[in-house]
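Only one chain is included here, represented as structure tokens and corresponding to the form predicted on its own.
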Amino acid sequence: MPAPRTVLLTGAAGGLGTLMRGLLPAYGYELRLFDVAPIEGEPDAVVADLRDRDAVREAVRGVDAIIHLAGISLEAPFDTILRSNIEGTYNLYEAAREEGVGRIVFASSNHAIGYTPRPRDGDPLIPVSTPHRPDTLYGLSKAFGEDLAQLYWDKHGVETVSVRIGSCFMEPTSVRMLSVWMSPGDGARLFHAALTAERVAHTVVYGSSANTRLWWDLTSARSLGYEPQDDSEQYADTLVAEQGELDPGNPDHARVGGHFVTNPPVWPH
């Protein structure tokens, strides 16, 4: 599939959005930036809330594809998650349907399967067919987003690649992250592959570099043409010396979602 020329990048002011703003233009994309917050140095960015259906539709109009990174990226009260991650994502898909945008790359999360036990030595890698086991309301919203993407493919023919992102930072900052880290360069490679692969329908992939300590199966990502080039192992000696290896007896280390599984809920009772 030819590379889309104009791509709407939602969440462009966030951490991942900032990284992709710097990396994706090298692949030939003209980015239309969207965020609820102003973006310094980007006077043409669309500043609007995903709950504003008219503003979302206007932002979508005329683009070739969408990378949807916007939303709450940590646990939050349900009303907050509902407005941003659930209603906002629905509004974006509706705008894509109305404006005839045929390809979306959706930033899902490993927290959609956060209660899944992490692999131990000798265990098989976690497949993308793993059932949803969200560890938080945030993870639940990402499971919703994946299911919404499936609905919009089956009912409306809008294609999506749902990327279950581990952690995308310049460097991993924890021993757990050695297994789930996606370098910014690999993130851009994966998003480019997701935008240009043919006939993706609704494809779920894991967003990770080719880490020595990898937990999940990257086969579906590689099938898009993704070839990760980085490995977190170069950071392992320092992080293990500081933090120790993962402890199977520590509940924070037992499941894919890490401390998201064990942290107390933040929503009102």
Ligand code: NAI
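All residue numbers are counted from 1 along the displayed sequence. Everything numeric in this text was worked out from a predicted model, so none of it was measured.
What comes next is about the form predicted in complex with the named molecule, which is not displayed.
Heavy atoms within 4.5 Å of the named molecule in the predicted bound form are found in exactly one of 239-247, 196-204, 35-43, 222-230, that being 35-43.
Using a 4.5 angstroms threshold between heavy atoms, Cys168 counts as touching the named molecule in the predicted bound form. When contacts are judged by a 4.5 Å heavy atom cut-off, Ile72 counts as touching the named molecule in the predicted bound form.
Contact between Pro251 and the named molecule in the predicted bound form is not found at the 4.5 Å heavy atom cutoff. Remark: Asp49 counts among the residues lining the named molecule in the predicted bound form, judged by a heavy atom distance of 4.5 Å or less. Highlighted residues Pro4, Leu8 and Gly102: none comes within 4.5 Å of the named molecule in the predicted bound form, counting any heavy atom.
Proximity to the named molecule in the predicted bound form, defined as a heavy atom within 4.5 Å, holds among Asn91, Gln150, Ser84, Thr116 only for Ser84.
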